[in-house]
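Have a look below at one chain only, the form predicted alone, in structure tokens format.
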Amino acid sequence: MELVPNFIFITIVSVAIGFFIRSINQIRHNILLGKPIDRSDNAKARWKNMTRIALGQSKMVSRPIAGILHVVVYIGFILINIELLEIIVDGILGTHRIFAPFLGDFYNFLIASFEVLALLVLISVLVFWSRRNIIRIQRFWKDEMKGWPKLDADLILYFEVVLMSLFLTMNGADLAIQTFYPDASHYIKAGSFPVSQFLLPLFENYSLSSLITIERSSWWMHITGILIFLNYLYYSKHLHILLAFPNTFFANLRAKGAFVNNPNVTNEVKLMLDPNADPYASPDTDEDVEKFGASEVTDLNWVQLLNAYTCTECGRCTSECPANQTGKLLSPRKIMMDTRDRLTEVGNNIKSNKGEFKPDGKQLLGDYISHEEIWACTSCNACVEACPVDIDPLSIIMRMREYLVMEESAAPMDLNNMMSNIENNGAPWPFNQQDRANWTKEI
């Protein structure tokens, strides 16, 4: 019977990890639905970019209040969960604070550091919640944040409050046992508790059995909560906790504003400009090209789909977007959210149909992202520059524009007129080529 808790613990951890691995595999499958693209170049710069942005949070602190608080929560949550290693070992072996005898005074330092960080996380989360729900910062109340996105953001904050509170309660009950019942078996004197020591007055009249019940209950709920949180990530914007690292590694290292030319169009233009070329010759084209641009998630490349899953929904991109600021329909954050939602829908369609996509009468462009949104973009790259995890909404917008222009001829009238003028007159203006230099006569 003594091994029953150990067996239950191992079962819970195994099931949770199994579900987590299945979710990660589904995300990987969905991302790889995208077109291939080579991002293996310049490995040194990529490692540097990932270390600076994902690990170092360099772009987060561009807005000091939110940035510093996010760094506190990020570091605190990661470091506190180092104790998860000890919890797992204790759960498997049936021990209690197994690392304490091996680490000595350093163990006390670790526990003390974890407690201080837990308190800072609680304070930061309270500020984050207030910014969203009391101060009501505008970027958190855009149309795309209604419903599930708003609830998801709050649920994560509640999760963190519960987990940190359980951590401190577990330590407080443990300290009470060590203080009031020093001869209690299984509970060695270990750890330093600068925060949970203030809970001692709450526990001083409890019996040993009651304190053990509180400590064990908090221990079980803490580890179970972490495992639930781990599997909740698949459904949450907080998937960026994991994906920010590959996303920044595979990010576009080209200068902002440097667009990628379509090689098929480039070849055709070169042929047109070559005075020695046969005017009736057909340009060499890529035989793999099924269509120009993108109207569906499977037309995008896999890095763009990785971007969609990495989106933190922080809204910095939208708050910096000049089109959005002037009341246009475009929200770069919504572009990424819509791409992710459609990608998840397509992935589930393929999964439920045994690896084959059954047409559902919908596509990304038109059913999720409107033409009005696409043409509102000024292509200024403000959204790309603002993103704290190097997401590139503009690349998706430009691919959709390419589709509308080259596949549907559905550009706005002014743009169509300009392109017609270039084709007929060699310039964007509706003047005959012979009259283009007339303005110089007035000088």
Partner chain sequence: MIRVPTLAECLASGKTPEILFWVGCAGSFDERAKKITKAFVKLLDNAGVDFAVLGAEESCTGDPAKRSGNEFLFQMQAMTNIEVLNAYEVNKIVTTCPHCFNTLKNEYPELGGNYEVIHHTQLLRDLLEEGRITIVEGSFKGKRITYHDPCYLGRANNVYEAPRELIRKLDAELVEMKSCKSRGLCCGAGGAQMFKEPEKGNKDINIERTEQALETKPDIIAAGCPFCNTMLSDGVKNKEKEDSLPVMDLAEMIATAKDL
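Please read all numbers here as calculations on a predicted model, not as lab measurements. Numbering follows the first chain given and starts at 1. Just so we're on the same page, rigid core means the largest C-alpha set that superposes within 1.5 Å between forms.
Another form exists, predicted in complex with its partner chain; not displayed. Remarks below refer to it.
*Asks:* Within 4.5 angstroms, counting heavy atoms, which one of the listed stretches 402-410, 66-74, 49-57, 35-43 is next to its partner chain in the model of the complex?
*Replies:* Stretch 402-410 is the one.
*Asks:* Of the residues 92, 242, 260, 78, which one places a heavy atom within 4.5 Å of its partner chain in the model of the complex?
*Replies:* Only one listed residue qualifies here, and that residue is 260.
*Asks:* Does residue 429 reach its partner chain in the model of the complex if we count a contact as any heavy atom within 4.5 Å?
*Replies:* Contact with its partner chain, yes.
*Asks:* Residue 197 near its partner chain in the model of the complex, any heavy atom under 4.5 Å?
*Replies:* No, residue 197 stays farther than 4.5 Å from its partner chain in the model of the complex.
*Asks:* Is residue 361 close to its partner chain in the model of the complex, meaning a heavy atom pair under 4.5 Å apart or at it?
*Replies:* Result no; residue 361 lies far from its partner chain in the model of the complex.
*Asks:* Taking heavy atoms only, is residue 135 within 4.5 angstroms of its partner chain in the model of the complex?
*Replies:* No, no contact at 4.5 Å.
*Asks:* Thinking of 254, 415 and 418 as one candidate spot, does its partner chain come within 4.5 Å of a heavy atom in every one of them in the model of the complex?
*Replies:* Every residue of the candidate spot has a heavy atom within 4.5 Å of its partner chain in the model of the complex.
*Asks:* Just give me the residues of 368-395, first to last, that have a heavy atom within 4.5 Å of its partner chain in the model of the complex.
*Replies:* If the 4.5 Å heavy-atom criterion is applied to its partner chain in the model of the complex, 368-395 yields 372, 375, 376, 377, 378, 379, 380, 381, 382, 385.
*Asks:* Determine, after fitting the two forms on their core, whether residue 19 shows a C-alpha shift of 2 Å or more between this form and the one not shown.
*Replies:* No, residue 19 moves less than 2 Å.
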